[in-house]
Structure formats: C-alpha cells, structure tokens
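Take a look at this one chain, the form predicted alone, written out in structure tokens.
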C-alpha cells in the first residue's frame, strides 16, 4: 500500500500557493506509506541552454561548495548551486551525458535525481511529514507537482527506491501497485542500451514509457502501448513540464480520486487528503475509470 498525490494550479496567480496546498495532502498520505517519500515540483524554466540538475547524498554534512568548485574547475562549465542539507540543485549549461560522466569519474557519491529545465525532485528515507519539513515543502511554488508516500513490499527502503522515478528530461512517474513483469521490461530496455539504477518495478514502468516517447510516440500513445505491456496492478501518475496524467490498470483495484475546480486539479489515493482544499465542496469529484487516460495541461 502506497499513497500518491498530485496538484496542478490552473491559474498562474495561484502557483505560489502550490506548496501550502499540497503539503497537507502529502502528510495525510503518510499512513499509506510511512517508510520513504518523494515529490517532484515543476517550476518556471531556467534560461535557454540551461538545465536543472537535482543531486542527493545521504550525508547531510556533505560539502556542496567543494563539489561546485571541482565541477567548474574540471569541466570548464559555469554553474550555480542551491543546497539544502543533503539535496542540491545545480543550474548549468553542461550536457546531461557529460554531467553523468563527470559525476562517475569525480565523485560518484551524489545521486543524480533528475534533469530538466523545470523539474526539481526531493526524495528520502523516513516519515513523509519529516521529509516535508526537512525540504520546506510548504514554501514550494510552481505549476504542478506529484508526490508519493511508500510502503515497501518488494524492494529495499532507500532514497534511491523512493518515488518519483525519472527518465529523460522533465519526466517523472509515481506508482501505487505492483507489476509482475518488471524484469521482462528491464531486459527489453537494457538490450536497447538503457541503464537501470534500482530493482524497483516502478523504475521499469517509468523508463519503458519514456523510452516509447523517445521512439516517437506521444505520451498517450506510449500509455496505450503500456496497457498492453505492463502486467500487474497499477495507478500511475505522470508529470512532464506542461501536464499531469493519470491512468489505472484494467481492474482499477488501486484507489484514486480526482477533484477539479476552476482553480486546480487535485489527485490522491484517498479523498480525505483533498478535504482541506479551497472550494472542494463544489469540485467535480470522480473516480478515474480503468485504462482511460486523464490529462491536464498547465
């Protein structure tokens, strides 16, 4: 059992309220997943030619300034870094492949959580409410976010195994459920040269869907392919730079509820985490149907 949440602000003027409205949703789902948690938030893009590299390391005393100095000296690239305990965001023009290669050669201890012009990822081991306080979720602003609270059933409890999982740029996925064929998907993708970081079944789903998009499919087309390829039970909530998308498997046995108003679209595993939202008493509230794609654009 895990918890998922998503919130998309329809009006730009409401984007500063994203963290304040989302955090109670996130905290409420802690009962469904108390061992680790994570959140992806999508902010206004960095400048043309730049990317946001989100980095994580378990050591909260890690010297991020030293990493930045080594990065600039050894790569010749410029960069600006914002660090909070064991999480940092590096904004730079370096290419993602070059960044990954440099980290592997210079200091493999930081884990590259995400890459993109919009996305920031926060995930860690521990109780979700503690994670929300540690990373100041209430202060976050942006167009939309997706979050996950995890109760591990099939793989280790580590920050790397926590959701959201990412692939490519500005693409992430959270999952409630269990896939029965992740290793079949993994073998297929590894044969195409893709690299996996964990044995989590959600990573296989995330990389499969993003890979189909890299082959030229739209997200909707990739999800229709996934309906045929993913075996098991799942509610998937996907976020890109400009949209949030929700799907459930053919049996729809993993819960999900949507509340939509003129101000926001809110998604959760249980309605109780939506009950505090402004105007929710007048919202269009519904349970998503199986194998139907629901998408909302920023």
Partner chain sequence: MESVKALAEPTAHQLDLSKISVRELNQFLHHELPKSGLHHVEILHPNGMHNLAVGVDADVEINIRGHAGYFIGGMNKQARITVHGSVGWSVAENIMSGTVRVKGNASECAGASGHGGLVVIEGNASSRCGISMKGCDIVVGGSVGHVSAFMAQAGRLVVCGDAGPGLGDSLYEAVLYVRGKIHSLGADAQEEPLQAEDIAALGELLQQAGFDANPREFKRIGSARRLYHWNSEHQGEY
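The model shown is predicted, which means the values in this text are computed figures rather than measured ones. Positions refer to the first chain, counted from 1.
The form predicted in complex with its partner chain exists for this protein as well; it is not shown, and the discussion that follows is about that form.
Q: Which one, 229, 270, 260, 35, lies within 4.5 Å of its partner chain in the model of the complex by heavy atoms?
A: The residue from 229, 270, 260, 35 that makes the contact is 270.
Q: Tell me, which of 46, 252, 57, 30 has a heavy atom within 4.5 angstroms of its partner chain in the model of the complex?
A: Looking at 46, 252, 57, 30 one by one, just 252 meets the 4.5 Å heavy-atom criterion.
Q: Although its partner chain is absent from this view, report whether residue 51 comes within 4.5 Å of it in the model of the complex, heavy atoms only.
A: Contact check for residue 51: no, nothing within 4.5 Å of its partner chain in the model of the complex.
Q: Taking its partner chain as it sits in the model of the complex, is residue 16 near enough to touch it, meaning that at least one heavy atom pair lies within 4.5 angstroms?
A: Contact with its partner chain, no.
Q: Is there a heavy atom of residue 278 no more than 4.5 Å from a heavy atom of its partner chain in the model of the complex?
A: Residue 278: no contact with its partner chain in the model of the complex.
Q: Could you tell me which stretch in 59 to 67, 236 to 244, 252 to 260, 38 to 46 has residues with non-hydrogen atoms within 4.5 Å of its partner chain in the model of the complex?
A: Of the options, only 252 to 260 has residues within 4.5 Å of the partner.
Q: For the stretch 208 to 232, which residues lie within 4.5 Å of its partner chain in the model of the complex by non-hydrogen atom distance?
A: Residues within 4.5 Å: none.
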